[in-house]
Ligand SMILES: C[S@@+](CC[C@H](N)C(=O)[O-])C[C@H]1O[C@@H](n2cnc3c(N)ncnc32)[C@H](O)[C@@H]1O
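Take a look at this one chain, the form predicted on its own, written out in C-alpha cells.
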C-alpha cells in the first residue's frame, strides 16, 4: 500500500510531544514544524492518527501548494486537484481557512474561490455539482494561506480532534482537550503515578489523564470525514479500532479532579461519564489552596485563571501566593505543573520552576511551569537551587 504525506496540526508548544506520538503509531519521515508535524504513512496510518493521536487538532492530507498572489492563481491551484476522486455530484464540501495573505484580506473570499474551483471541476467532469455543507460535509477542505502562496489539504477528521465528544456544545471550555492531553504528555504522565487537578473545573484534565492511564484512544468511538469518502476502507477502520481496543487496561494509580464549585463538579461527573472514564476519576469537592495529593510522588496539574480582564490580576495575586504556599508544604516527592498565562501573576507563586515550556492556549502565550516538591525546605547553596524563593527573584 502506498504512503503519502500527512500533516497533524497542534497548539504551538506541543510539536515535539505530537511528533513522539506520530512516531509511536508508525509515522515515517517525521518532522516537527510550527504548530504541526509533517510525516508519511499508509492509509492505515492516517486512520490510526485520527483515532489515536492525543495532542493533534487536525489530520490533513496535502493535495496542492503553490503561488496564490491573486484570485486567479488560487483558482488555478485549486482547480488542478482531482476532486472527483473524493467528491461525487450531490456530495458536499466546506472550506476552512487558516493563515494570512494580503491578496485575501477576507478569508471568506479565499474560501469562496476554492469552493468555486472545486464545483467547476466536478461539474466539467461529471455534469453534476456538489453543494456546501458547513456542518457535516463529505469533503472538508483546509486552505492555509501564506504571503503570495497557499496550500490546500483534505481534512481527514472533519470535526477537530480536540472535540472528543464528552463536553457539551456551548459549554465552558477554557482548555481544549487536545491541549490538556498534550500538557500531560509534556509532564511525562503515563498513568504510573497518582494525579491531582485541584482546580478541575469540568474535568478536562481528569478525562484526558484517565484516557492516557487506561491507554484509551481519544477518537476510538467518534466518526470522521474520511468515512464519507468514495475510497473509504471500512475493513481497515474496523481493524484499527480492534487493535486500539486491545491496548486498553485499568488505570494503575488514582486520578482526582477537585473543585470548590458544586456546579462544576456536577458537569465534571457528566463529562467523565460521556468519556467512559467515570470509574477511573474521583471527582471531589475541595479548595485548591488546601489540596491533598492522592499519594506519594503525585503529579499535580493546575490551570489557574489568568486575570486577563481589567482589574482581575490584582485580585488573583493572593490566590497564586496561596497556591505556592500550599505546594511548599506538600513535599512527598511530588511534582506540580502550572499553566501560567500571566507572567506577573506567576511570580506570586514564590517557587522556582525547574522547567518553563512556552505553549499557546488559543491566542494566549503561556508557560507550562514545573515545580519539584520535596519534604521540608532545602538549604540554599552554591550547588543547590532552593525550591522556595521570593516572588521578586522568581525566574522570568
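Residue numbers count along the first chain shown, from 1. The structure presented is a predicted model; accordingly, all values stated were derived computationally and were not measured.
Unshown form predicted in complex with this ligand; subsequent notes refer to it.
Proximity of residue 326 to this ligand in the model of the complex falls outside the 4.5 Å heavy atom cutoff. This ligand is not shown here, but in the model of the complex it comes within 4.5 Å of a heavy atom of residue 288. Among residues of the shown chain, residue 233 is not one whose heavy atoms approach this ligand to within 4.5 Å in the model of the complex. With a 4.5 Å cutoff on heavy atoms, residue 303 counts as touching this ligand in the model of the complex. Proximity to this ligand in the model of the complex, taken as a non-hydrogen atom within 4.5 angstroms, holds for one residue of 201, 191, 130, 137, which is 201. None of 175, 283, 187, 77 but one reaches within 4.5 angstroms of this ligand in the model of the complex through a heavy atom, and that residue is 175. The partner is not drawn, yet in the model of the complex one stretch among 259 to 267, 220 to 228, 274 to 282, 84 to 92 has residues with heavy atoms inside 4.5 Å of this ligand: 259 to 267.
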